[in-house]
Structures are given as structure tokens and as C-alpha cells.
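Have a look below at one chain only, the form predicted alone, in C-alpha cells format.
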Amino acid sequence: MNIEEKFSKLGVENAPGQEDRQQSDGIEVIGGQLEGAPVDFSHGDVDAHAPIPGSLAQFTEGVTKAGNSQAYTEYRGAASIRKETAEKISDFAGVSIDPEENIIITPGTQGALFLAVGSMIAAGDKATIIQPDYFDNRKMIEFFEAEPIPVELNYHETEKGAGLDLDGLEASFKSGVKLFIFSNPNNPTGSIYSKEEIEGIAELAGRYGVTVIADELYSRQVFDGRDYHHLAAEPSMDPEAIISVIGPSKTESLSGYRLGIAFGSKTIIDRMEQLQAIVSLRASGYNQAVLKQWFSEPEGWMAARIQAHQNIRDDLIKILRMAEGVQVRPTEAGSYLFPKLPELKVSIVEFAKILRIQAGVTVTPGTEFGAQFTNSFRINFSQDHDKAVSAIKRVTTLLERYRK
């Protein structure tokens, strides 16, 4: 693969936050404009849901009190912050994390994923991905000149688990796969992998010698009292064959601080530090101080955050299901919905542009998550409740206009 081919696979026009770069020439608009407050469902609204109390104060303290010592930490993060963070995550995930060997602080969870993928595969390797799943997983694998092997989720056909085809997963592993990367809860569907699915992944990874990256970014925001199972805590999962990724992001409205955490295999964490040293050096030294507030929220804060998002989820699903032919599975964790639409007169990419032009509503086309998802889009419902409800009503109005 030459350099032009490598970067041709990294298109960003339809990625969240890039909508202003889209070209809307040639889009035929049916009917007039729909009035309402603009809503960008491509990412969460941190104005609608305030960050963890005290986060700004912690950041300021990192600047004013810690000064130079906080600016230039170890590449894998300040030792004192790693220690405190490792203790919190160990308790949360049910694993034992050595702060010296098994954890690294990165520039966002995106940084953690890139470092982890780059530490596990090389040109010519094979890596299993899930479809639909986080759209950059495929892009990162292809960037490192490995071959992505997709396994589809049957998320609309099951009410238990994410809909993972374990036979399909085993078939991919048999083909000589070295890495398996997946998100739990799944991004974009919001489904949680069941205990049986997690046990199956651990057993198959061990049998075929596959290393796993488990992206658990949204694992704190679980709805309806559901159980969540961390792959790293599964007894049959080899602790030296897994990296888990988590961080304070949309759940805590701290995504702007760009903080990510990877924990797991000492060998891989060491490699990630070596790679981080030539990519970004470290997560922003001052920002690392904000991790002191993470998992240390005031009593009841997280429960209130979850309930607020659950209320938004329920109201949006109610509206979407009123539209004939729309299928939507309730989000089990995180803040994403991935509705499946009836056939339209336009492509899903064109419909996303129409929503932005006519209704002031931004969504992410389903084709970002796999070329086959031509009748789905993703929304992040971490928004102002009333504005989100109004925006989804506008979406269903335009759905009727452009229904085939």
C-alpha cells in the first residue's frame, strides 16, 4: 500500500465534528425549512450536562500548584495520579492493576486505541473487527497495513447481549487473526455484551492466541439496572493478552480534557509508552490532574446523570417508533442510538446532509460504521432533553418527506 492509498482510507468528511466540511451541492430539497434549535447529535453536549463538580478546580491546581512538575510527567503519566487511578479502576473493573506496570494515561481514549493497535499489529497481520462498531477501528487497522476481518452483530435480532455471532468470531480467529478489537457497550448500538458472550470471547482468544482490545469507554453509564461484565475480569482471559480502554469522556462531560486510560498487559503497556514517546510524549500534564475527580463524584451524581440520560433515551425511542418502518433497539449503556430506517429516496449520506440543511440536525451516517449500513444513522442523545425531543420530531418529519 502506497502513501496515497493509506491516507485515502482516512476520510473525515462524515466523522463527528467535521460536518461543516461537507459539500451539499446537488442535494434536492423537498419542502421548506423546519424551525427549531440546532442540535448536533454527532457528539454529546457538555453544556447540557455539566462536568464532574470540581474538575476545573483540579485542572487549575495542576497548573498553579504543581507547576513544572505537573507539566512534564513521565510518558505514561504522573506516578501519583496513576496510583490513584489504578486503585479506582481496579475496584470498578474487578481486576488488579499495578500502577507501575499495567496502566498508561493517554491523550483521550482515541490516543489509547491508536497506541494499543500500533503495539499489537504490523503490516500483513489480520485483525477482527465488529460491524457495526466504532468507525475508527477499521481505519486504524488499515493504517497499520493490517487486514480487517469483519464479524457482524445481529443486534436487531436479539434481546440478550450484543448479538455476537461466536461461530463467526471463531471462524475469523481460525484465519490467523492476531488482534480482536471491540467496544462494550457497543458504539453505535449501545448494546452490552452478555456474560455468555464475554466468556465466549475469552475462551476463543485463549484457544487461538488472539490478543484483545476492549474499548469500555461508556461502561459507567448503564441503564435499567443491567449487569455489565468486564472482559479483563473474566477468569479465563489471559491478563497478558488484553488491553482495556476507558476514560472520563462523554459520560462525565470531560471529553474536552482529552484523557484516556489503558490498562492490562505489562508488555503491551510498555510498548504503548514507547510509541507515545514519539507521537505525543504524554497526555497533557495539567489535564492529568482532572483524573483526581474521576470516580470521586459527589454522592448521587452519577445516578442522576444516568437517570437523566435514560429519560432522554426513552422519549426519543418513543418518537422514533411512531414513524412507520423505523426499528430502534433501546440503548443499554452509553448514549447512542442506531435506528434503522425504511427505504428512502436518497442515500443515507445525502439524508444526513438534508437533516443538517433543512432541520438543523446533525447525525452520523450509518455507512461510517460499515458500508452495509445504508439505512441507519447514529445519534448521541447526551443533549438538552427538550431540544433533543424537538430535533427527533424534525427528523421523523423529514423521514416522511423522503420516504420512498
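Bear in mind the structure is a predicted one, so any value in this text is a computation, not a measurement. In case it trips you up, residue 1 is the first one in the sequence shown, and so on.
There is another form of this protein, the form predicted in complex with another copy of the chain, and it is not shown here; the text below is about that form.
For a residue to qualify, one of its non-hydrogen atoms must sit within 4.5 Å of another copy of the chain in the predicted complex; none of 84, 89 and 148 qualifies. Distance criterion of 4.5 Å from any heavy atom to another copy of the chain in the predicted complex singles out 47 from the list 47, 28, 343, 35. For the candidate set 100, 196, 203, 152, a heavy atom within 4.5 Å of another copy of the chain in the predicted complex is found for exactly one residue, namely 100.
Of the candidate stretches 231-239, 156-164, 121-129, 89-97, only 121-129 has residues whose heavy atoms lie within 4.5 Å of another copy of the chain in the predicted complex. Residue contact with another copy of the chain in the predicted complex: residue 275 places a heavy atom within 4.5 Å of it.
At a distance threshold of 4.5 angstroms between non-hydrogen atoms, residue 283 is in contact with another copy of the chain in the predicted complex. Among residues of the shown chain, residue 60 is one whose heavy atoms approach another copy of the chain to within 4.5 Å in the predicted complex. By the criterion of a heavy atom within 4.5 Å, residue 178 is counted among the residues contacting another copy of the chain in the predicted complex. Applying a 4.5 Å heavy atom cutoff to another copy of the chain in the predicted complex picks out 139, 140, 143, 144, 145 from 138-171, in order along the sequence.
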